[in-house]
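Only one chain is shown below, in structure tokens, and it's the form predicted alone.
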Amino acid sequence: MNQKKIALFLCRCGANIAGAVDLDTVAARFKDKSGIALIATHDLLCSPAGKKFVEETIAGKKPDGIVIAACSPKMHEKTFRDVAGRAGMNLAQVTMANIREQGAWVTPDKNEATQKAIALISAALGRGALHENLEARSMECNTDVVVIGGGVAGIEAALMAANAGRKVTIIEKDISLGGAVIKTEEVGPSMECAPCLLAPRLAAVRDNPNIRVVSNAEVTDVLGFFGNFTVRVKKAARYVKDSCIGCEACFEVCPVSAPNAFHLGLGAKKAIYTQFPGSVPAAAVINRAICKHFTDGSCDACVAACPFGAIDFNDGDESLEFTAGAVIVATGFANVNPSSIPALGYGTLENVVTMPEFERMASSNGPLSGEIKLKNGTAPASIAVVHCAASLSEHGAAYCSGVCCMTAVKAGELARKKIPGVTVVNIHDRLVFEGPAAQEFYREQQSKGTIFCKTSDLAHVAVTRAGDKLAVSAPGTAPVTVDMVVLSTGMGPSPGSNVMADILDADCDAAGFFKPDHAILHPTGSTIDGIYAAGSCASPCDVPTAITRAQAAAGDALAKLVPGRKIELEIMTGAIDEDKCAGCRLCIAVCPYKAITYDAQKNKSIVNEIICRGCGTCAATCPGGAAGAKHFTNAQIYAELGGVIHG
């Protein structure tokens, strides 16, 4: 076998490299080295002139491979692969030695930096001598989009993609769309009607032929990569056909009631129910756990009551599968539970409620038809609103959610509309209002009579019983006695966010929210290409921000998923030597892309190279050395290490 001839290109990178590394010494070190076809130095290889120089040199000298001694491969490996490809060289024959970030920029002593550059180049030469040609492959991208979550962010993302002609599937775990916004009466600071804002968007989703809504469903698996995802879903049985229009005729005859989660446990629902009038989908659903037809077979009243014959007790769960080019996660948030702070009295004292519960009381579609009431059925004459309940605390959310002060101040506006003359006291430490509109709303509430009491320590606010009233004590301010206490809670990640992140193989931050690809340059992208985080699953935010994030995520996906566009497949995939494979299937268990399957007939593991991203996890796990990675063979890695050691 003839020894490969490799061309070595040294980049001065202006003074970045040349000022710290003696490139003449480097060139002299490799001048007589076996296997070197030529050594060439250029001021800036990544410049148009530099790229032309490399391309013409390759075309003229026809080396078997090249080593570019310059900057980080993350910056310009693709640049030089493209250059080599235009000159007729296989892209796998391009190796980069990072003598800038790993040498010149971090090694003050010029002699040491020069010796480090020699070691790095020697490593690249050793590895490059063993590189084998790899075949570039591509496939047409799938332009469909899957949206996980049907709140305001998910709805906006779906509509934006669908209106651009893409096919969109919304996967919603609840029985209908709407998310948290549909549970509120008004959105601050403009105090616009929340159901009125959302109703046209819900209708647009319902009537858009490009959108399919799969509700009462959960994502169980996501396979593939950007442009080629497969999303697996388990859709729970509804026991009501799509012909149901939500007329509610069956509700009256149903003999069973249970706490209503949509009303945060403040109201009741029947065993057959919808979330709210006008929900999308409109069809009702039967709670099998409490329905008498299923528990003891004693009731079929809804069958006779339904004018559309929509009841289907034989309905079953479904396993569905959807393909898409991008996945937009819009799973929303969960309100922090203030019961983690016992001193606040939540769950132990009557008439201590959270702000979301207060908003359900005040909502016209709520359990009390818009009336704010105490447990005894009367309206409160005085209300205290405690800011940062279980926020900025090691026992709750350790951070400020940024939107809770706006929501807390809204309580006074809602209360005065329902209860003329009510006294509202807000107990706070610092106040956070984003933008002039929110600040003006705060001033407006002051002028309308809301009393603001600043405490020096919100962590030591305590709520106690005082006869038939509640006493709120806070350091630095006089105790307040009121009929009702409203706890303004922060925003945490939605339940199951960590499970969803595992399914997607995406990362979460320390608080549990989806981690962005880059907090500044790509805040709606996740750590996995083609998977986006929209709305409050990325971090706490208000409604306008959630919508903006959804638009950004959908816009990014639309810009990349162009019909007819080819996407490059990973060429440095995993590979399994069938002669060595013992069929232990450890590689299947650890593969983050689900790219390995088991052939029972052969008792061998098989790599699906279309899905594989070449991460090498299988190679690191395989106990028999059957799994490997193209372009990262043991021999290549040993040669690279040897180059570093021996220089």
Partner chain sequence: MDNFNPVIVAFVCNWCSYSGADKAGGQKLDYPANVKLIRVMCSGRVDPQFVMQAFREGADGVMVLGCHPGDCHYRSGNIKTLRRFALFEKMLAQLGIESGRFKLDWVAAGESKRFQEVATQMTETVKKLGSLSIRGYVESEAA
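Rigid core (definition): largest C-alpha set, two forms, superposition within 1.5 Å. Quick caveat, the model's predicted, so the values are computed rather than measured. Numbering follows the first chain given and starts at 1.
Missing here is the form predicted in complex with its partner chain; even so, the following discussion is about that form.
Practice task
Among 379-387, 341-349, 107-115, 544-552, mark the stretch whose residues have heavy atoms within 4.5 Å of its partner chain in the model of the complex.
Solution key: This holds for exactly one stretch, 107-115.
Practice task
Could you tell me which one of E413, D312, E218, D517 places a heavy atom within 4.5 Å of its partner chain in the model of the complex?
Solution key: Filtering the options by heavy-atom distance leaves D517.
Exercise for the section: Identify, from the list S364, S243, N498, S72, the residue with a heavy atom within 4.5 Å of its partner chain in the model of the complex. Expected result: Residue within 4.5 Å of the partner: S72.
Practice task
With heavy atoms only and a cut-off of 4.5 Å, decide whether P592 touches its partner chain in the model of the complex.
Solution key: Although its partner chain is absent here, P592 would touch it in the model of the complex, with heavy atoms inside 4.5 Å.
Handout entry: is_contact(T423, its partner chain) in the model of the complex, heavy atom dist at most 4.5 Å
Key = No - in the model of the complex, heavy atoms of T423 and its partner chain never come within 4.5 Å of each other.
Problem - 4.5 angstroms heavy atom contact with its partner chain in the model of the complex for M572 - result: Residue-level check for M572: yes, a contact with its partner chain.
Problem - Contact flag, A600 vs its partner chain in the model of the complex, heavy atom cut 4.5 Å - result: Because no heavy atom of A600 falls inside 4.5 Å of its partner chain in the model of the complex, the answer is no.
Practice task
Counting only non-hydrogen atoms and a 4.5 Å cut-off, give the residues of 605-643 close to its partner chain in the model of the complex.
Solution key: Contacting residues: R613, G614, C615, G616, T617, A619, A620, T621, A629, F632, T633, N634, I637, Y638, E640, L641, G642.
Handout entry: Core-superposed C-alpha of R360 shifting 2 Å or more between the shown form and the other one
Key = No, the C-alpha position differs by under 2 Å between the shown form and the other one.
Exercise for the section: Align both forms on the core first, then report whether A117 has a C-alpha shift of 2 Å or more between the shown form and the other one. Expected result: Shift of 2 Å or more: yes.
Problem - T621 and V231, C-alpha gap in the model of the complex relative to this structure (3 Å or more) - result: Relative to this form, farther apart in the model of the complex.
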